[in-house]
Structures are given as structure tokens and as C-alpha cells.
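Next up is one chain by itself, shown in C-alpha cells, the form predicted on its own.
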């Protein structure tokens, strides 16, 4: 039994599908949202996983992920989910991003994901995945979540993540790459 730390239903569904061979449970309702107080993806991922593992006395998986845009000095980074404000929607975050890139020819970006698995004894392991790409000029596609409608991966065929199916996206996404490392770790740790 492994608890997920995320309260984001779209992220939980994606993680659940990527970890389909494991007994994965959603974060218990009685555990409050965890403030992401660290200044790195790694720090936030470890913080969330250890908090859930300690609260449940069970193994927990957390991820922290975000978008780093070269022309914006790698912003929004760890603030990706709240780029346009504390309770901003995906659409508001995307609108702010596109507004700040208006007129910029440098559209280079990178999605980063750090997945941490924490155990009840306090030990943990973290796995990083990255996908480079470009920021589109307009949102396209209806799949995925977050910045998926404006992120065109370098490893793809010119479509945004939001235009891809779940398994197609997972095969080249930052989260898919981090999860693949986690699954390999779990398979080899007995």
C-alpha cells in the first residue's frame, strides 16, 4: 500500500495510471494540504512524501514538478502551480506565461519532475525526470493539465502535451521519466 501525496485529482489520476502495477491510494482526506516551503523541486518532493509517510505510517509517493522557461530566468519553476496567484487556475497560469512571453522569440522551456518515495522509517529515495521543449504561442489540445496545452516537447512530433494521449505523453514526459526510474527502483528493491 502506497499513499499519494497530491490532492490534485488530475495529477493523482496520471500518477495512478503510471503506477498501475502497485497498490496506490489517494491522500487521506484528513491530511491537510502541505505547504511547499522549499526552494527546489527536490526539497518540496521530499517534504511532501515524508509528511504523508509520517502521518499514515505507510509508504508515500510525492512529486514536485514545474516548468522552467529560459527567457523568464527559469520561472515559474517551483511556483508553477501558483504562478498567477495562490489559487490560480491552469488557464490563468497559462495566460500569465503567454503574456510574459509575448514578443519573445526564445520559447525554450523544460518540464522538471522529482518523485520521492518515503518509507515509515524515515528513509527516502528521489528520482528526477526532465523533458525539454518549446512554449507554443497559443494553447492547443484538451488533454493533460497545467501547462500541457502550451508545451511542445522536443521528443515529440510538434504537438503539445495536451494533444497527446495519456500513454504517448507518459513515454516522453518529465513525470513519466521520473516514474520509470521509481518503478525500476521498486522492482529491484525486492
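Positions refer to the first chain, counted from 1. Because the structure is predicted, anything quoted here is derived from the model rather than measured. Note that the rigid core is defined as the largest set of C-alphas that superpose within 1.5 Å between two forms.
The following text describes the form predicted in complex with a small molecule, which does not appear among the structures shown.
- Of the candidate stretches 152-160, 138-146, 122-130, 23-31, only 138-146 has residues whose heavy atoms lie within 4.5 Å of the small molecule in the model of the complex.
- At a distance threshold of 4.5 angstroms between non-hydrogen atoms, residue 65 is in contact with the small molecule in the model of the complex.
- Contact check for residue 98: no non-hydrogen atom falls within 4.5 Å of the small molecule in the model of the complex.
- Taking the partner from the other structure, the small molecule in the model of the complex has no heavy atom within 4.5 Å of any heavy atom of residue 72.
- Contact annotation for residue 36: at least one heavy atom lies within 4.5 Å of the small molecule in the model of the complex.
- In the core-superposed comparison between the shown form and the other one, the C-alpha atom of residue 15 has shifted by at least 2 angstroms.
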